[in-house]
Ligand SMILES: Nc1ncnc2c1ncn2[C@@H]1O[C@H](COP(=O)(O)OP(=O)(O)O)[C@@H](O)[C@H]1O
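The chain that follows stands alone, in the form predicted alone, written as structure tokens.
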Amino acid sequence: MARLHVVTGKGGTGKTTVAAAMALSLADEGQRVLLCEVEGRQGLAQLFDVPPLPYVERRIAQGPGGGEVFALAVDAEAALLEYLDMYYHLGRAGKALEKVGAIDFVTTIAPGLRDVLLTGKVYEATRRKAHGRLAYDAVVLDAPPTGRIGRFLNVNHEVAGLAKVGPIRNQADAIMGMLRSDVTRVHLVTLLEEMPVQETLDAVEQLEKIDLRIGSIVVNMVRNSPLDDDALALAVKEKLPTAELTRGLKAAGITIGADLVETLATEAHDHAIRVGLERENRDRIDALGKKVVELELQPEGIDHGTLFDLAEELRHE
């Protein structure tokens, strides 16, 4: 079974929420799960209503199954200091580099190195052992959005011009080996809208070209229509029977007028058009032949309760 779950999606699709819910869903009885973020947005801290996360693994929640969820905000500069100390024993010299801005300079002129450092920390956490067993049963990565995910995960290619041999190249090769193995799955979050679906299709194609394995396509914020297919067909054609609308409003004790009935008919027409477009986009997703998971829209927003509800939905899947 996969132990590293990479979650990506177009901005605004709720990928951070899905990543958090996935971590909670994996935190079964006795299980330890690490939830990582790499974009410096502190989205996890806001979601779990905790202080900003440092570059230290910190327990932030207990899963619905009784396990534990830890969180880590991976910082490229801190990871580079750790890397320099681990491989070159720089210690205080590394701290001096940080003070003069050399670390930021290096990771700016060599963005491929930044991604190796970010993914390298996740790689280390996935493989780390403590007391003879894996430190974490699963690691969930709230990854960059779909527009950048292929480049972010293709660390071998990104360091090709930076290091042909040596520790950095060896690190990139080891990371790429894990990302392409059975240990890793990439999950893509989308909405049933044109742009997110197109980015999802493009990302799947790009990721499979570099031999990465797709886990699930998570269709987020799904809205179920209160109208059946016959009513939707009539609404599209603007042929909903106004007499029935009038009777329904009267039965509900609502004072009616011609304007109200006309407004409802117009809204039903717009709703039916939207449902049709959503179904077309869902067909495009289904055509990928991947596992699809639906999460319902949470109209009241996301709080601790709804986050656990989403986790339960994912557990059933």
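From 1 onward, residues are counted along the sequence shown. Model, not experiment: these values are computed from the prediction.
One more form of this protein, predicted in complex with this ligand, exists but is not displayed; see below.
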Quiz item: Residues in which of 69-77, 169-177, 215-223, 116-124 have heavy atoms within 4.5 Å of this ligand in the predicted bound form?
Solution: 215-223
Quiz item: Does this ligand get within 4.5 angstroms of any non-hydrogen atom of residue 16 in the predicted bound form?
Solution: yes
Quiz item: Might residue 305 be said to contact this ligand in the predicted bound form, defining contact as any heavy atom within 4.5 Å?
Solution: no
Quiz item: Even though this ligand is not shown here, does residue 309 get within 4.5 Å of it in the predicted bound form, heavy atoms only?
Solution: no
